[in-house]
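Only one chain is included here, represented as structure tokens and corresponding to the form predicted on its own.
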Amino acid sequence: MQWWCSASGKPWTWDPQYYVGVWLVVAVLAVAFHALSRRARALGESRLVYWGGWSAVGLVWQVLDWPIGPLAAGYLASAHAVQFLSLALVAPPLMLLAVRRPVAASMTNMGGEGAMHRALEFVTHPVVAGVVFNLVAITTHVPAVVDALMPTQAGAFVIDLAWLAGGLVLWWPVIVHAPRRPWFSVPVAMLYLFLATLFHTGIAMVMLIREFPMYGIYELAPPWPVWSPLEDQHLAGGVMELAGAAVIFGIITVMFFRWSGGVSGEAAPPAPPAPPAPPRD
């Protein structure tokens, strides 16, 4: 029994495996989410958003545990791409949507006091958050970093948690809005999401056009019977490019229509009072 999913170099089998570390991390995440989501329901959050958040917790469990976890750790770059998209772009916004009200209320009540509050306010500033997410995305896809970390359980653990933390930081300015920044309007938030995910799109393009495998850990992995390591790398690039674009542009589209509907649906300003009638003779 391993603590965390890592590249083992052994031939793949479909025998279930149990990862104690994954279960512990998901349990801690579930307990924290449960406490916040109860407060969110008390503040009037909808049931749909509530269950969407719990589905995100389940998604984190699924992509970290067997079979996607070990496949991503040392067999398939395409499974690694699915894991990245799930942990960084799909699960974080669903979880933040479900708990945004109590989180925002807590930050407001703190009134800017405390080192933790100031650090959180700094790292979730849109400019800083975009830089942090891109640094995480680039660093964790550098071949030397991937090949060095994925064979060890601690290294694979660092990459997985970096993706989840980077995703939470990325989506925080758009969803939580605490503290409120007047200049960070919906159009600016849409532009922010587009710019903040450009580097991950560039990584996907590199994986698509490379004519030889980038990662030794997947090139030298035990043979996968369905496709070659290079085909798997191209598939990984396609997953990151197409699925990632679908998530980002899908959310940007929803934001645009909600914003444009709100603008067009605003009440017309009251008509100026009519001038007084001239006195009658």
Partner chain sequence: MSLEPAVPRPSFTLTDTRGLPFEFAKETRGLLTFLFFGYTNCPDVCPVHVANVAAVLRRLPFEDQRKARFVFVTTDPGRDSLPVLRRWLDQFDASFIGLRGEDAEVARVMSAIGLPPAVRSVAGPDGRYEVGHPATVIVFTADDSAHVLYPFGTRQIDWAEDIPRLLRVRPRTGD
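Since the structure is predicted, the reported quantities are computational estimates derived from the model, not experimental observations. Residue numbers count along the first chain shown, from 1.
We do not show the form predicted in complex with its partner chain, though everything after this point is about it.
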{"property": "Residue contact check: residue 250 to its partner chain in the predicted bound form, 4.5 Å heavy atom", "result": "no"}
{"property": "Non-hydrogen atom contact residue 67 with its partner chain in the predicted bound form at 4.5 angstroms", "result": "no"}
{"property": "Non-hydrogen atom contact residue 220 with its partner chain in the predicted bound form at 4.5 angstroms", "result": "yes"}
{"property": "Residue 261 within 4.5 Å of its partner chain in the predicted bound form, heavy atoms", "result": "no"}
{"property": "Residue (of 246, 29, 230, 35) lying close to its partner chain in the predicted bound form, criterion heavy atoms within 4.5 Å", "result": "230"}
{"property": "The single option of 216, 52, 238, 58 touching its partner chain in the predicted bound form, heavy atom within 4.5 Å", "result": "216"}
{"property": "Region of this chain that lies against its partner chain in the predicted bound form, out of 133-141, 206-214, 158-166, 97-105 [heavy atom, 4.5 Å]", "result": "206-214"}
